[in-house]
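A single chain, nothing else alongside it, follows as structure tokens in the form predicted on its own.
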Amino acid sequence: MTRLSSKTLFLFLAPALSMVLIFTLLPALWAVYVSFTDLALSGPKAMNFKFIGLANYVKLFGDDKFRHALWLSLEYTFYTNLGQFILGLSAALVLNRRKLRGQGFLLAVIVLPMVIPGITQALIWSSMLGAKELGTLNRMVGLVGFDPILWLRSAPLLSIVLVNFWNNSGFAMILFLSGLESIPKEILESATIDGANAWQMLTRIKLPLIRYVVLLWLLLNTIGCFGTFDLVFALTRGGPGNATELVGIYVYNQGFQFFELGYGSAAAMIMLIISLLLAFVYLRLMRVEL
């Protein structure tokens, strides 16, 4: 088989590269430019906008709501990562045991949410967390004698964090399980002979050996959680008040509710910069040279 020439390879890649250019790179560059303007979605500035430099960014850092949205996003990301790590690692350790019954069923239960579309997930959880006796979760709570709870009002941030546990713990489990399966059996057998208990085996052998897998998952999951929009918007729309107004919701509100596209784009750029900084930290921890 002859090798394909560089021109032929580029010809095959051209359609995909064109899609990336048209639907990713050009809109991103336009958003960067718009963040330095006073472009609005309606009104006089929709057509006659002007370049205003760093004014949007100066306004952002003086905006208490934006700082609140940043803190909420970081808090949401931290708790989501912590919960998914515990659930994903626990499931991976259970599935890593060869003689456990029901492995296939457990794997299907954990992975199933990953194939459900986001809007469908939101509808399912809207029913689960519904107010008063109409919510499935309140019906279950009522069976043991507790009064109905307004989940999305009394504990809105906790509710969306728990929903995300269910949605994405399967991704953590798959990565962790692949890492555990790659550990040589000789190492585990030697540790067992040396008298290592289960906790020592986990903390001193298994986790250090799969640390790069864990960091890769943290990189992907942190960026995904920090930019979360669809699920939170469908469940709470950032409410009640601004209790769940993450940065993604804040950007949407500024651009499409208050019609300030320039200001909303500036907030999106700050979110992008923070995501890149987090990615850089994880990559350095993985000792990957940029």
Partner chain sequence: MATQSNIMLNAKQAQNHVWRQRLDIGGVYLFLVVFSIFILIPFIWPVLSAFTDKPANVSSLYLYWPTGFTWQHFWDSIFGRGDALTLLRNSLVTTMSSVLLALLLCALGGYALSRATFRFKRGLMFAILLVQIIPGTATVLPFYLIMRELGLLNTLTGVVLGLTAGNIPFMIWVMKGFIDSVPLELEEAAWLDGATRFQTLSRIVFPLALPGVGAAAILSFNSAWSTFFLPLILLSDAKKFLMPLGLFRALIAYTNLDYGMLNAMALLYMLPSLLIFIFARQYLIKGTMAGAMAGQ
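The structure displayed is predicted, hence computed values, not measured ones. Residue numbers count along the first chain shown, from 1. Basically, rigid core = biggest C-alpha set you can superpose within 1.5 Å across the two forms.
The form predicted together with its partner chain exists for this protein as well; it is not shown, and the discussion that follows is about that form.
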Flag this candidate site as yes only if 78, 205 and 218 all have a heavy atom within 4.5 Å of its partner chain in the predicted bound form; otherwise mark no.
-> no
Non-hydrogen atom contact residue 201 with its partner chain in the predicted bound form at 4.5 angstroms | no
Is the gap between residue 108 and its partner chain in the predicted bound form 4.5 Å or less for some heavy atom pair?
-> yes
Residue 185: touches its partner chain in the predicted bound form, heavy atom cutoff 4.5 angstroms | no
Do residue 73 and its partner chain come within 4.5 Å of each other in the predicted bound form, heavy atoms counted?
-> no
Quick one: from 155, 140, 82, 196, grab the residue that has a heavy atom within 4.5 Å of its partner chain in the predicted bound form.
-> 140
Neighbours of its partner chain in the predicted bound form among 194-230 [non-hydrogen atom within 4.5 angstroms] = 212, 213, 216, 220, 223, 227, 229, 230
So, does residue 25 move by 2 Å or more at the CA between this form and the one not shown, with the core held fixed?
-> no
Residue 270 C-alpha shift between this form and the one not shown of 2 Å or more, rigid core reference = no
